[in-house]
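A lone chain, given as structure tokens: the form predicted alone.
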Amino acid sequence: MPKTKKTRGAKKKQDMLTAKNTNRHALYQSAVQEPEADTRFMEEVFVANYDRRPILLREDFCGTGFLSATWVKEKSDRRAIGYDLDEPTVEWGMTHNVAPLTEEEQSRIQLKVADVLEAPLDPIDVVCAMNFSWWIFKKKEQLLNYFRSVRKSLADEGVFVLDIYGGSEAYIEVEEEHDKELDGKDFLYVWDQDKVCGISDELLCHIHFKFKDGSAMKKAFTYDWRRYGMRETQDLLLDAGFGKVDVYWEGTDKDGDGNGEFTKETHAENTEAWIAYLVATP
């Protein structure tokens, strides 16, 4: 029997993403994270430094553990441990990122609800703090203590990888929309740099999601950060005991946007917006 117009319309709405039928963590993973790119970069810089592959990853501020799950899934000898303080987020990650792994893969990953400052000082090949999560430490001494704890956790041959953003747009209140997809369905990812303090360098940022049916998830995620500068961060890493800090700068495409390719640089143009990796080694 042919579908009536009413039935067809109802099905079309069901096939759409809406604020009610989707999860903020699934949207975040699709809109923000590219774990395959991160794991590829981390292995490449480790091999470049030590001429062997890394095995053990520690993902600080791991959230849903998407990166850790990707790490162990990609190669059969890799292991990962993630730390995050937000229990509901970790639990969601256990259900949606760890549980789908094979039993053998699950044996090589742990997600823990714990403070990164209290992580055991086991020798780790790669420690990472991604998505600017380390900006949560607003006082310089807090950040220095974190960097020191990471340095103590690294194996003699180890790397600490963190990302950082800057440029003139990092100093203004701005809202940007980007088209994204989840399971082939469209939505809008909105980065809202809501408040920027010129004196304290503190930032209040939000992520919103908007959908074709007109619904929205306002403040799906909120970040209360202090922005640290590139040179300032390098100096803090050296003060924490790292022997070397390299900067991997993102290239641009013909339109001047980031192209996802990162190369080691010592000088770069301070554009409106840039993203880079910092790689610290003992």
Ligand SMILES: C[S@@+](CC[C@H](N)C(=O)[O-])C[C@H]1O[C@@H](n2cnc3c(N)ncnc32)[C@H](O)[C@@H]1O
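Note that residue numbering begins at 1 and tracks the sequence as displayed. All figures in this text were calculated on a predicted structure; none of them were measured in a lab.
Omitted from view is the form predicted in complex with this ligand, to which the following refers.
S.K.: Does F61 make contact with this ligand in the predicted complex, using a 4.5 Å heavy atom cut-off?
M.R.: Close contact exists here: in the predicted complex, F61 approaches this ligand to within 4.5 Å, heavy atoms only.
S.K.: Test of understanding: in the predicted complex, would L182 fall inside 4.5 Å of this ligand by heavy atoms?
M.R.: Output for L182 is no: heavy atoms all beyond 4.5 Å of this ligand.
S.K.: Would you classify L85 as touching this ligand in the predicted complex, given a 4.5 Å non-hydrogen atom cut-off?
M.R.: Answer yes; at least one heavy atom of L85 falls within 4.5 Å of this ligand in the predicted complex.
S.K.: Can any non-hydrogen atom of T233 be found within 4.5 angstroms of this ligand in the predicted complex?
M.R.: T233 lies outside the contact set for this ligand.
S.K.: Would you point out which of 253-261, 48-56, 218-226, 238-246 contains residues with a non-hydrogen atom within 4.5 Å of this ligand in the predicted complex?
M.R.: Residues of 218-226 come within 4.5 Å of the partner.
S.K.: Heavy atom within 4.5 Å of this ligand in the predicted complex: which of V116, I81, V72, L162 fits that? Just give me the one.
M.R.: The residue in contact is V116.
S.K.: What residues, if any, in 21-35 have a non-hydrogen atom within 4.5 angstroms of this ligand in the predicted complex?
M.R.: Residues within 4.5 Å: Y28, Q33.
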